[in-house]
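Just the one chain here, laid out as structure tokens, in the form predicted on its own.
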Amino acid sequence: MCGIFGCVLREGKAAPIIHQALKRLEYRGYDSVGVATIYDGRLQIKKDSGCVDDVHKKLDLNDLNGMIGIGHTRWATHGAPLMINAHPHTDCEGKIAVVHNGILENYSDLKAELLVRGHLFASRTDTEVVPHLIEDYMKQGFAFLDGVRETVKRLEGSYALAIIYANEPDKIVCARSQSPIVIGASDIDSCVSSDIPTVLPLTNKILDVQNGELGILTANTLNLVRISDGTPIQRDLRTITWDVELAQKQGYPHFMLKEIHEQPRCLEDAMRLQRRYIDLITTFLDRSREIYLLACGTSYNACLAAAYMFSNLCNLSTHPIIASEFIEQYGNAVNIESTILAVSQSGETADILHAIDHARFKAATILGLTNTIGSTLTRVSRAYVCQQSGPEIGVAATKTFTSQLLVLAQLALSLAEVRGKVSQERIDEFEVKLNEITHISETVINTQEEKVKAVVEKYRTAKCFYFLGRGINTATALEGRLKLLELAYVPSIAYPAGESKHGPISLIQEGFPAIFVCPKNETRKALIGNIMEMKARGAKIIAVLDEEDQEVKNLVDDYFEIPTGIPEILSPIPYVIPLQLFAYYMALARNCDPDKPKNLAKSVTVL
């Protein structure tokens, strides 16, 4: 996700402080850097794509004058990682500068409106509508602060904003809706940031900005007002006792746990995809005679689940395929009527790019789903969609997996609607559940984490685990097993539960732990039979189950509960979360570092 920092000083230059703050934001992941200050009644801006050190070496970020400024590290979601798309962005007159973390859902409509009014845009970002809209309101007679408030009232989506205006060089205005932002206060200056670590070298006194609030900073004052009506808000400063390293993890002991807890917010962002991107991908999929879902590792498990989604909703056979096996298995069968939907968090996975090169040579259509705008996958795809999860620091994928599932579910639903394979009533039901999945996932985390810890303590010395599921949750079982292998180095086996009698059950002995993914759907009756087969041979049964499924609760030794009423195609999203937590806490119990599993890398860029 993008990083924001700004400060107002009583004396000295702001630029060097902003530069160092941007260095402390590097752990969040980014592709571009920029700084804007006000000096002698004018904006001074330096920005470019690349890392902080490289941009500083090229432009000297410390050279900007002025006692007030804002800075930004950008994680691209709209527009490639180029200098022109780097923040800060300005209005037509170059007097208003804005940095932004978040995703504006209605930027296309706002941009069209502003273009009609004669505004000129330089970038392909969603953010640039903000300074132009503020400028537009100020031309109508609004003061700067009121122009900001009227602007943010019109924004839909998520945002944390920091804004400066050259004609009022003593203040920063900030605003929040869902994306985090905090204000820091010391005796000699004030600062605003999307993250506490950048504030701590200046002060440990923090003023929290909540959703729907506007903050106004000067060197001497801090004020909060409601965006809706401008009424003042009184809130006390709080003292932060974390050190910088812990603050980077927002108080969590590891990035992985932080990212598991971030999943509800990431799922919200995955629901904010621009409709035109969904429609474009849908058009290509609808034209295809055959669709291959191409991925590796965790992304392959997401593709396996997606194959069930496309089959269930669209009556369309799709082929989930591990990228390294694609050429040998399907290479000669691919042709101009084939579509490859490649799924890669980094967009740089070597096996995927190698397979795509082969498919392009065969004239297949290449589509992409990635978390990284500007990656090779986005450049070689006819069309792509960004899952908008933000950077994932932990090596083991968690939030990127559930976001991929949600994007793929939206694509499957869109294609089903276009192909007329699903009734409008059923589509409406799915839309409701799609919008509930964020709350459901948050509920799972809040209610099951302590239970996971207790179950881990019970099985921490187990030498092997089974993970079993049926239907779409075969993919959930595979992902749960992968997380345990990656993080705790526990030998684990995952199978479709119906295959357990065809070999795997031979390993079962007294006390052998078997984890079943058991939603309350059409597979449940068969799964109960598989549970009984394992119990009869002495297995200890752990189930991820529907909270209302008393029958299965009575059969198993331990269980994690998921809220009831989740459609089958969405069930892997909440059902995988206890398995992520299980792997995390099992790693801790076995003295393993969950952020840095041995022999693994975040992006595999070699064949």
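Computed from a prediction, not measured in an experiment: that's the story for all the values here. All residue numbers are counted from 1 along the displayed sequence.
Here the subject shifts to the form predicted in complex with a small molecule, a form of this protein not shown in this document.
Using a 4.5 Å cutoff between non-hydrogen atoms, Gly297 counts as a contact of the small molecule in the predicted bound form. The closest heavy atom approach of Gln250 to the small molecule in the predicted bound form falls outside 4.5 Å. Put simply, Leu482 is close to the small molecule in the predicted bound form: some heavy atom of it is within 4.5 Å. The small molecule is not shown here, but in the predicted bound form it comes within 4.5 Å of a heavy atom of Ser346.
Shown here without its partner, the chain carries Ile352, Val395 and Glu486, all of which come within 4.5 Å of the small molecule in the predicted bound form through at least one heavy atom. Between 121-129, 134-142, 445-453, 298-306, the stretch whose residues reach within 4.5 angstroms of the small molecule in the predicted bound form through a non-hydrogen atom is 298-306.
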